[in-house]
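Only one chain is shown below, in C-alpha cells, and it's the form predicted on its own.
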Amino acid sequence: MSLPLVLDCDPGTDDALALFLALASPELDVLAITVAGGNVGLDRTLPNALALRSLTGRDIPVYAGADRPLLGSFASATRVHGIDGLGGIALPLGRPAEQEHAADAIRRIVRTAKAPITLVGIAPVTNFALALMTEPSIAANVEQIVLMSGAWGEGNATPAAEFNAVSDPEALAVVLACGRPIVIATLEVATQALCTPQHLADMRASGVGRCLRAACDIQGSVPFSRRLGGTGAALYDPIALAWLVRPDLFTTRPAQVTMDLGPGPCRGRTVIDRWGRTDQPANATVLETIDAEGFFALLTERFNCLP
C-alpha cells in the first residue's frame, strides 16, 4: 500500500529531482504538492513546480503557499539555483495552480484523510507551521513529518545554519514542537552523496526520457560546492524522499532537536543533541549515514520510470 503524503517544496534544483523521485515511486501516494518561497521567490517556485509536475504527466494538485517567513524578511539562494530557480533550464509551462492556499489545503487534506498523512518538507516549513498553528488538532492525523533541514555542525547559509532552517526558524520550531514523529535529513547526510560529473554522466547515459534529461540538465547547472571540496554538488532534497522509499540505505539516530531563535549569528541553527548531553528526550530521528551508490542507483532507476 502506498504511503499518502503531502510534499512541500520550493523548486529549486534539488527540489526538482526530489519531486521526480516522489512521483516516480509507487511506494508514495503524493496527494498534493504545496509550494513556498525559498530557493527563489514564490513567483518562480510556483511555476517551476507546475512545470515539473506537467513534465511527469501526473495530475496532482499544486497549491501556492507562503511567500515569506513567519517573521523577518525573505532571502533567496539564486547563487546556487539561478535567477529562475532551475539553473536556467527552460521547461514547458504547466497548467495553473489550485485556488486554495497551501496551508488551507494541508489542513483540509490531513483533517479529512481516512489514513494518517505523512508531511514531507524540503523547503522552509512555513506552510506546515501555518497549518499546525491555525488548526493544531490536525496533528493527530499526521503519521510523521520528514524534513530536509538543519545541520548538527556547520551551516551552508550561514556559519551556523542550514538554508531551509534559517529561512524560517520560527516555523521549524513550531513543527519540531508539534508532538508527531519527525525525521530529519541534515546537511551532513546529504554531503555523503555528492553528485559528481561521473554520476551525472552515468545517469544521462541510462535513458532518453524527458524527465531524466531535465533532471540531468538541471543538476548539471548547479555549481560545485567550495565547502565540500569542489568535486561535486550535494543532492539535499532527494535524500528525504529516498528515506521514505529505501530506508535500508540509511542509518539513523534519535536526538533532541531545538532551534536557536536569537537575533545573533547563530540564529536558525538546529541544536541537535546526538549524544544525549542535555538528558532531554529525543523528538526526532536524524539520518546519519547513507549508501551513496545505492542512492544514485535509486535515482537513476526511478527517473527512467518517468516519461
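Everything numeric here is computed off the predicted structure, so don't read it as measured data. Don't overthink the numbering: it's just position in the shown sequence, from 1.
One more form of this protein exists, namely the form predicted together with a small molecule; it is left out here, but the text below deals with it.
So, Leu187 and the small molecule: in the predicted complex, are they within 4.5 Å at any heavy atom pair?
Within the cut-off, so yes.
Determine whether any heavy atom of Asn48 comes within 4.5 Å of a heavy atom of the small molecule in the predicted complex, and answer yes or no.
Flag for Asn48 set to no.
Applying a 4.5 Å heavy atom distance criterion, does Asn127 contact the small molecule in the predicted complex?
Asn127: no, not in contact with the small molecule in the predicted complex.
Contact between Thr34 and the small molecule in the predicted complex at 4.5 Å, heavy atoms?
No, Thr34 sits far enough from the small molecule in the predicted complex that none of its heavy atoms falls within 4.5 Å.
From the list Ala215, Ile122, Ile106, Leu172, which entry has a heavy atom within 4.5 Å of the small molecule in the predicted complex?
None of the other options qualify; the answer is Ile122.
Identify which of Thr191, Asn156, Ser221, Gln144 has a heavy atom within 4.5 Å of the small molecule in the predicted complex; exactly one of them does.
Only one listed residue qualifies here, and that residue is Asn156.
For the chain shown here without its partner, which stretch in 106-114, 132-140, 203-211, 233-241 has non-hydrogen atoms within 4.5 angstroms of the small molecule in the predicted complex?
Within 4.5 Å of the partner lies stretch 233-241.
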